[in-house]
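One chain follows as structure tokens, the form predicted alone.
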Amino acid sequence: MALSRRRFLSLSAGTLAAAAAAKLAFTRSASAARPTIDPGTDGRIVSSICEVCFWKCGIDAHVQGDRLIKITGNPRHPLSNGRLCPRGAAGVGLGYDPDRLVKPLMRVGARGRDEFRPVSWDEALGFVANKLDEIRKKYGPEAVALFNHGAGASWFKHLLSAYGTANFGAPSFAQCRGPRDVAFDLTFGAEPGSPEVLDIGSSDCLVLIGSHLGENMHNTQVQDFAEAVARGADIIVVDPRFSTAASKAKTWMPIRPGTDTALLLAWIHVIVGEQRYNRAYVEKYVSGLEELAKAVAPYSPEWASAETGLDATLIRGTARRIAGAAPASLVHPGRHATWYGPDDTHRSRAIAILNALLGSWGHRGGFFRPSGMKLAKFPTPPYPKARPPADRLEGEAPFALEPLAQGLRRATIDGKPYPIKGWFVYGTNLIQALPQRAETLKAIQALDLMVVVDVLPAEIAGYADVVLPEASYLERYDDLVGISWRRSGVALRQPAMPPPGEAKAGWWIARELGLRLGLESFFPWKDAESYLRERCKLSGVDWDTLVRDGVVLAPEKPTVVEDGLALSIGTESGKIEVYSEKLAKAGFAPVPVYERPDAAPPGYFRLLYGRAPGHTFGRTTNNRLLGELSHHDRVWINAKVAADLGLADGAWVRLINQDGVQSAPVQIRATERIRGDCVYMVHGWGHTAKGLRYAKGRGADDSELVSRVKVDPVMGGTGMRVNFVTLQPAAREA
């Protein structure tokens, strides 16, 4: 898929056309004002926030009566700028998904058989509250854990904090961005942000290392990437696969999987050794350059060539190009960074150090520094003091910034450091989100209570004791969302349509449970609107404007040095620490080191995975509208390798990993756009939940094949690209 702005917009328009169940006439003014409605129609526009992914773009929901007609980008919101990705535009398909959960369910029979009976809300909430009370009395409130994803989880974090637990585990940390966040925090004293605060549109040189812009469809970044491409920016893509981003690059570097840190160290070797770093910036802001120079001295391009399979001249030349564009030179930090375990924080640290040498932190074309907008909390009593989370044993992952989801799973199995007996699962399908599925299923069977709060009946719901149907993001209020971007502010999610059946908003579910648990003082508001009005009043935000526009922006402030930003560094030393004393004192390498990845067994290929532009992993594969763009996956394999195996393009195979785990049948895509030592597939297919009538049986589930991990000792992330597969011809399943 091309990534020009024209193509990006045409794809979004095509999805909107598919989404329109009826036609309503709207016209948009040229400025960032509200869209206007043509005379003679009875339509209205509700400005809100998308939740198809974590980006939280501003949306305008076009409504006629109670019927949602279409969704467009809110031109007043700085993360959407009036545009949406295909997934956001097709949110209509989630709202009207015929497989929606519409009534509370309670399990009958054995856990995991996906058999339930519908019950009233009173019965469901009474059962959950009684079980929570039993667990609290027998084990203490800390014996309950929340696994969560999405803004709506804030209501349940509030509920369970008041209940007395601190066990909140989001797979988005230890299974995704954790190594990156820890590495940047150690280096700059700040994380890259979510969304990442990257000035891609102004970059003169952009380096993407396994970061698939145009396939991950992070809206603002894709818009900025299109601008960079249109300006002729020097784009360098490092990836074993010729991705969409690689098709827009001046240089594609098809690196041997798992050797990225070797390349990064060689780039640092050249930039430091040839004194091509941003001297004035480094002298003012950076500490540890001398130690860094000594550490990277052995890592020459010739050494890296043997590790990476890349030409030494290419390595040296790209290092010079990267340095030559500084400070408007950006090495993208990526997002999903849990690749190979022990190497992951070091790899992300090397990326952070490269950006420090370039002077990109705080400069145009690099990382801008938003001020954010301070929002007052709703006044409630202080939470009871809770025990430290059970996700780690003494000495484990000392630099983790959040609890580890797989650590809470382990504590559920072995009771160390103390037992976990109840799970709340909000908005995350742990069957696909956590690696080593057998461990997840083992932990579930050890629980006294598992509650799933969700919109669709994904696989994890089939193992629950109680399933609570939530209103979708199109049908509910959520808490205020702060915007930390070039222009900071606050945004509002508000209902644009009624929920189906008996589905309820998360705030209502959490409050009702709180009242049943004797936590009335923590819920001194009658509904979400009164709660949000009070927060706005205390924060000095005009409620009526927020409701009307969906966003209220703070006064503009400089975000880069060129515009007057007084740059400060958030580390304890006040300097960018390319040599980390913290890591050294904890017994880790203070400067990144390279660990050679394990080689594939004979006849096996390294399993790589990623995203499709029309889907947010498994969250959207049941959306019939998005199915018009992509309704199955294919396994990429090198064309020559496929021919050697006697496999034609489109042939059906099963993937079998090193532990004998087999996938469902899936077609291959024989292509020259991937190296011969790996295969690639899109994450999120291969659903087995019987309630997902559209997605069930489509494609293969890559997470099923991730039966092994290597753990990052610095922060506890689960490196998952350590699995290998072989291909076996198979018949297509009916």
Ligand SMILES: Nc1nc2c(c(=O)[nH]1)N[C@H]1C(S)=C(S)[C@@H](COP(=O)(O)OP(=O)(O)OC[C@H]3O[C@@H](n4cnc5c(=O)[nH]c(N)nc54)[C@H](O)[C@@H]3O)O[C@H]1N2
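Note that this is a predicted model, so its numbers are computed, not measured. Residue positions are given as counts along the sequence shown, with the first one as 1.
What comes next is about the form predicted together with the named molecule, which is not displayed.
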Choose one stretch from 159-167, 258-266, 519-527, 655-663: the one whose residues place a heavy atom within 4.5 angstroms of the named molecule in the model of the complex. 258-266
Looking at 613, 362, 514, 403, which has any heavy atom no more than 4.5 Å from the named molecule in the model of the complex? 613
None of 510, 455, 578, 467 but one has a heavy atom within 4.5 Å of the named molecule in the model of the complex; the exception is 455
Touches the named molecule in the model of the complex: residue 721 (any heavy atom, 4.5 Å): yes
For residue 217, is any heavy atom within 4.5 Å of the named molecule in the model of the complex, or not? yes
Residue-level question: is residue 54 within 4.5 Å of the named molecule in the model of the complex, judged on heavy atoms? yes
With a cut-off of 4.5 Å between heavy atoms, is residue 706 one of the residues that contacts the named molecule in the model of the complex? yes
What are the residues of 138-155, in order along the chain, with a heavy atom within 4.5 Å of the named molecule in the model of the complex? 149
